[in-house]
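Take a look at this single chain in structure tokens; it is the form predicted alone.
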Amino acid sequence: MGETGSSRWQRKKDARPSEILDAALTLFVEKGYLATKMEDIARAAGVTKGTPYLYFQNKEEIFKAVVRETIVARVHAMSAQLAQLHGIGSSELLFLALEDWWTHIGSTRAAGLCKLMAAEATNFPDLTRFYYEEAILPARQLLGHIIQRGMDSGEFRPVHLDYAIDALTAPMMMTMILSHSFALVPGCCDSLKDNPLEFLKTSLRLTLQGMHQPAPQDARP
């Protein structure tokens, strides 16, 4: 039997929150949080001006939903996937985490949210706290767990955990911010634009060189 008009309408209605969030993500990244209006989101999503309010209380709730549907969901999925991997070194886990992050966050529109927060953090402290607690902190905890695992196994030498996390995340944050700012200007950040993932892998290799436990010296006669 063919699909009825009511079922087609219901299917379209069920898809509207995702369409609204997708439109909002694009606008937040292109215009920033402050400059994006609810009516802009509705127009970009192809719905009436009042439709977003049927699903979200206000723009702040839309922003939170965007972050949760993109960055937060991926970090939790990544944590679950990496927890199932056994018998591999912590260095390899860090490379797998980097590649997963790049595929699902760093190379996508969601990366622009980092630049947005860096630019508007002090104007919206409540949103900044939300972003830190739900997006940044779980990612730092994931990396911290891998680093601690490496120290416990003897693969990594003892290091200051927070400093090591900062060293790992700084290139990732820089890539997200620059790719949505300076890298959009011809002639700027060309090395980053050519192969950003290779830049990130090189940064990780350099950091790991400082973290690896030095091999024991052969005893001399």
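Counting begins at 1, following the sequence as shown. As the structure is a prediction and not an experimental result, all values here were calculated from the model.
This next part talks about the form predicted together with a further copy of the same chain, which is not shown.
Not one of Ala65, Ala77 and Gln148 places a heavy atom within 4.5 Å of a further copy of the same chain in the predicted complex.
Put simply, Trp101 is far from a further copy of the same chain in the predicted complex: not one heavy atom of it is within 4.5 Å. Contact check for Pro186: a heavy atom falls within 4.5 Å of a further copy of the same chain in the predicted complex. Contact annotation for Val72: none of its heavy atoms lies within 4.5 Å of a further copy of the same chain in the predicted complex. At the 4.5 Å threshold, heavy atoms of Met117 reach a further copy of the same chain in the predicted complex. Checked against a further copy of the same chain in the predicted complex, the candidates Glu60, Glu155, Asp40, Glu30 yield a single residue with a heavy atom inside 4.5 Å, and that residue is Glu30. Residues are counted as partner-facing when one of their heavy atoms sits within 4.5 Å of a further copy of the same chain in the predicted complex; in 192-211 these are Asn195, Glu198, Phe199, Thr202, Ser203, Leu206, Thr207, Gln209, Gly210, Met211, in sequence order. An increase of at least 3 Å in the separation of the C-alpha atoms of Lys59 and Ala139 is found in the predicted complex, compared with the displayed form. Three angstroms is the minimum change: in the predicted complex, the CA atoms of Val185 and Lys31 sit closer than in this structure, by 3 Å or more.
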